[in-house]
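The chain that follows stands alone, in the form predicted on its own, written as structure tokens.
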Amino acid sequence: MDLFDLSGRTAVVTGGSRGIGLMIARGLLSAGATVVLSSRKADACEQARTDLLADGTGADRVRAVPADLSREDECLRLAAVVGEHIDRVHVLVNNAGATWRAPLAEFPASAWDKVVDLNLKSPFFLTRAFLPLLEADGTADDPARVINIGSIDGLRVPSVPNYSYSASKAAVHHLTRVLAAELGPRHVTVNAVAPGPFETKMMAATLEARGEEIAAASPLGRIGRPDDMAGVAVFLASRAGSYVTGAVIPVDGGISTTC
């Protein structure tokens, strides 16, 4: 169905070397997009690119640009590097993120700085840096897209002491609404996805300790699979999602809304 076809479109996925970001990158590629991956470590970027090429994707459709996106200058550099080769971007996925868990009495100031810089400030700086490329692609009928990755921990009180993470993700959800209102008239939609439990490095220790319990808490009785994340990203990025903006979509098997 051409409703979900992304052929000829370019997507930039931050934090794209593993986990949620890699799931999204693979989904956008399968829908026909050209994907630019970015993450902090150059070797991780190149390994992700190699893995995607092994799926049968043409080398001309996957590129990797390492960047430390906790810094505004690196957000600007990433946009400049992409702009040297591509004159328009259809999708920006702001996925790069960090977490920190510690008891209240021990939670350090550095945990706020690290997490907020990457989880909250980076999506703002990246969206602003990429705006000229996004506006070059967007039209009234088929806007360009910004997809921010939040979390169900930003929708509900989490069960673990991750103060800066949950607060930053709640802020990402509201930043999404604010930017949607401002950028809609400029033919750019802004939406957020709030993942629940997925098999990622960030969730590995939790799932190892409590995976069966977490799966049982979901009305669907399981944790998320790569296709679950790829599917919502393709929907939001494609013509199928062209009239959706300012939304925060939980992809969590119903955990945040029914439990």
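Numbers follow the displayed sequence, beginning with 1. Everything quoted here is computed from the prediction, not taken from an experiment.
There is also a form predicted in complex with a small molecule; it is not shown, and the following applies to it.
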Report task. For the three residues G16, G19 and G196, verify that every one has a non-hydrogen atom within 4.5 Å of the small molecule in the predicted bound form; reply yes or no. Result -> yes
Query raised in the report: Going by heavy atoms within 4.5 Å, which of 50-58, 197-205, 28-36, 230-238 lines up against the small molecule in the predicted bound form?
Result: 197-205
Query raised in the report: G97 near the small molecule in the predicted bound form, any heavy atom under 4.5 Å?
Result: yes
**Report entry** Touches the small molecule in the predicted bound form: V91 (any heavy atom, 4.5 Å)
**Finding:** no
Query - Partner proximity in the predicted bound form: R222 to the small molecule, non-hydrogen atom cutoff 4.5 Å - result: no
Query raised in the report: Would R145 count as a contact of the small molecule in the predicted bound form, using a 4.5 angstroms cut-off between non-hydrogen atoms?
Result: no
